[in-house]
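Presented below, as structure tokens, is a lone chain in the form predicted alone.
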Amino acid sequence: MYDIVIVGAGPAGLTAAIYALREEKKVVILEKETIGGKITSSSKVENYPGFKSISGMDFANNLYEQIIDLGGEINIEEVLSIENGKVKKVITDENTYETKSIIIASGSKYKTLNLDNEEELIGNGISFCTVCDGSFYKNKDVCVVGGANSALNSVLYLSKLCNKVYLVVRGPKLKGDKKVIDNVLSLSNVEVLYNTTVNKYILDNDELVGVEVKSNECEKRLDVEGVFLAIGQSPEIDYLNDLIKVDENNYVLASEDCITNIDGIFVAGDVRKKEVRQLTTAVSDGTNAAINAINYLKEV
């Protein structure tokens, strides 16, 4: 029997674990993919107090080592469902965990364009992570889809590797930090296409060789070998099966205290409904969720 099962090993879940472990609670963290979450794909983190600059991977590794030093347990398993009760159950593809409380910190997943051949091309021409896959496109032409900070940071990273970077923006302007926008617009090997959408992926012998884009009823082809999608995210909550209240976009409803509508179940990080989703707000959620879970355990 665990005191707390944490679903998700991103910054929110790992922060929650640190607080719980320091209170000598029996904790297990369940993660289906990458320890550290999406922050591992960031080449530089420069907006976290105490670090002038650190890679997302190094930041995640530091958190992981801190968990291990505290005696924490992290298992790579996919959570399939949760059963509520006096003793709660978290059911994964490998085990069933009994616990007194749960912290939902499963984050969000990348959105796609839902075009033909897209699923087959992910990891073979289409990517979401410039740090992971950017080096494959050294001295080649690529396309980034999106117009906010994540897309802009992808462009900045790729511009140092690639011959040409197209930035396809659905709207009439870029959205993000002014400094980042200015940096993108100053790059000679970057071309920004406003009011433009990607219509289809162009293949040759099952390999991506370009995209067809549409702007003002005009269509044209961009000869690119890689496409990086940065068009937003959606919460990872399929395993909740309507157990917890969510908003119209499926983000879990909870205030800053991270307490859900179910006693003993808390939420933290990008999966929670909130205005700002940043590294700092994720660790803040992890802190609040853990403290309130610890307080809950004192009463049960």
Ligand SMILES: Cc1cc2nc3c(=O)[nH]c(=O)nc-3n(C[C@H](O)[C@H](O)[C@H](O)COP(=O)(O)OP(=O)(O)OC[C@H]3O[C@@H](n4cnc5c(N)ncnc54)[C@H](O)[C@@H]3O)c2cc1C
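Being a predicted model, the structure only gives us computed values, none of them experimental. One-based numbering along the sequence shown.
Beyond what is shown, the protein has a form predicted together with the named molecule; the following relates to that form.
Proximity of S150 to the named molecule in the model of the complex falls outside the 4.5 Å heavy atom cutoff. Interface membership of Y239, defined by any non-hydrogen atom within 4.5 Å of the named molecule in the model of the complex, is confirmed. Taking the partner from the other structure, the named molecule in the model of the complex has no heavy atom within 4.5 Å of any heavy atom of A254.
Although the partner is absent here, A60 is not a contact residue: none of its heavy atoms lies within 4.5 angstroms of the named molecule in the model of the complex. Here the marked residues G107, I122 and Q278 all reach the named molecule in the model of the complex, each with a heavy atom within 4.5 angstroms. Only one of 186-194, 215-223, 76-84, 160-168 places residue heavy atoms within 4.5 angstroms of the named molecule in the model of the complex, namely 76-84. With the partner omitted from this view, the residue of E98, D133, D177, D141 that lies near the named molecule in the model of the complex is D133 [heavy atom within 4.5 Å]. The contact residue chosen from K32, K245, K26, K273 relative to the named molecule in the model of the complex is K32, the criterion being a non-hydrogen atom within 4.5 angstroms. Contacts between stretch 1-17 and the named molecule, counted in the model of the complex as any heavy atom lying within 4.5 Å, involve V7, G8, A9, G10, P11, A12, G13, listed in sequence order.
Distance between the C-alpha atoms of S127 and S55: shorter by at least 3 Å in the model of the complex than in the displayed form.
Put simply, E120 and T34 come closer in the model of the complex: their C-alpha atoms are 3 Å or more nearer than in the form shown.
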